[in-house]
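Shown here is one chain on its own, the form predicted on its own, set out as structure tokens.
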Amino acid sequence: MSDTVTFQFEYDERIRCAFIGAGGHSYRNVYPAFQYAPVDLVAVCDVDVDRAATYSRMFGAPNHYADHHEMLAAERPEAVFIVTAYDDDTGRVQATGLAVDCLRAGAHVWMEKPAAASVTEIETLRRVSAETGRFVVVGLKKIFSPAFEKVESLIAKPEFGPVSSVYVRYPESLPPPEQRNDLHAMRGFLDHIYHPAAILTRLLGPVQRFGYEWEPQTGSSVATMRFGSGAIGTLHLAGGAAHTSPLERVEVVGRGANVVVDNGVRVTYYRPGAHREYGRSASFLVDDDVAPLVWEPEFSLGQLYNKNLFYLGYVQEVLHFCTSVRSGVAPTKGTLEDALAIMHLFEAYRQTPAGATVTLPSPRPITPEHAPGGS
């Protein structure tokens, strides 16, 4: 996105939008992002109609509903934002069926991750999206954050060379094998695997070969992966990490260069070209033109870039969705194809025994014959 932000009231035209969901996460992170996007919020829907009424007053929507079918029929929104929870009975993602209803009602959809609880459900969303000609963006905030957009631009430089390996550390526990068919037990893992997996698949593409080892006391796991480019990677899900430690660390290695992201906001680029003779170098310093580069925000000024809505990527993902809706051009990030690659990885963790190695399916493009009613 541009370094200069346009405020909502400065847009000449705004998108007629509705919102399904009135929970704590959306209150903190999604509704407030509309301050910086061309969104005309016309209605809020929630099964708790009192919360829907409260949110509609707070965020400027003239109408509220308890039933999303009624809202879609009455308001005819051009786009719908969905931030909901899990079904208490099945453990499945509520937003999946809601998104299908919105697409069939003619609305584009932005939905918070996870988009679904299975590969099959993502494939259904892809087919309905293709059938209706409406876009879906999944809230993969990590790949929209400034830190990882910077990583993406750095590893694309010829000087960086082809990516050879990647390492991602993220605190998450994998339940015991006997619990992995239970979506209630897998809820936390499903909710959180989207973050590190989105980073991996955005930077290197879908995982082709996968295996992992598992530690039963904390649920920690270390996975090894090979990508289509030939690069290799590891995903360390550090289930025993302290809650006070930085949440994540990412390192991408090229050919004589590497880039590290600490805590989601500190980017260090170790540029190629520096050389020190072993055993005879008197200084650890190198020439300025090959010295490491470091970026991190300051948190003293009242700037937009040091608001979590920006450095976590919430505003950027909402703007990407709005740009697609306004232009009619399909989104290129946070797509259902991205979600599909993540769900293949999720199902591999569920179904693969520790110590085994499996090959993951390649995403199949949606074509007319694969759409509903096709052969």
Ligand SMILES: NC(=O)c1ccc[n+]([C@@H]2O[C@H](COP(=O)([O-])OP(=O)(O)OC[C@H]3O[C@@H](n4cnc5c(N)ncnc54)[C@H](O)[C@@H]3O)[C@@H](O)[C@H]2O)c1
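The first residue of the shown sequence is 1; numbering continues from there. No experiment lies behind these values; they were computed from the predicted model shown.
Another form exists, predicted in complex with this ligand; not displayed. Remarks below refer to it.
Colleague: Answer with one of Thr84, Thr96, Ser145, Ser221: the residue that has a non-hydrogen atom within 4.5 Å of this ligand in the predicted bound form.
Modeller: None of the other options qualify; the answer is Thr84.
Colleague: Under a 4.5 angstroms heavy atom criterion, identify the one residue in His108, His195, Arg202, Arg126 near this ligand in the predicted bound form.
Modeller: None of the other options qualify; the answer is His195.
Colleague: Within a 4.5 Å heavy atom cut-off, is His236 in contact with this ligand in the predicted bound form?
Modeller: Looking in the predicted bound form, residue contacts with this ligand do not include His236, since no heavy atom lies within 4.5 Å.
Colleague: Wondering, does Arg134 line up within 4.5 Å of this ligand in the predicted bound form on heavy atoms?
Modeller: No, Arg134 sits far enough from this ligand in the predicted bound form that none of its heavy atoms falls within 4.5 Å.
Colleague: Wondering, does Gly264 line up within 4.5 Å of this ligand in the predicted bound form on heavy atoms?
Modeller: No, Gly264 stays farther than 4.5 Å from this ligand in the predicted bound form.
Colleague: Looking in the predicted bound form, any heavy atom of Pro171 within 4.5 Å of this ligand?
Modeller: No, no contact at 4.5 Å.
Colleague: Specify the contacting stretch among 56-64, 318-326, 338-346, 39-47, defined as having any heavy atom within 4.5 Å of this ligand in the predicted bound form.
Modeller: Flagged stretch: 39-47.
Colleague: Can you list, in sequence order, the residues from 93-130 that come within 4.5 Å of this ligand in the predicted bound form, counting heavy atoms only?
Modeller: In sequence order, Gln94, Leu98, Glu112, Lys113, Pro114 come within 4.5 Å of the partner.
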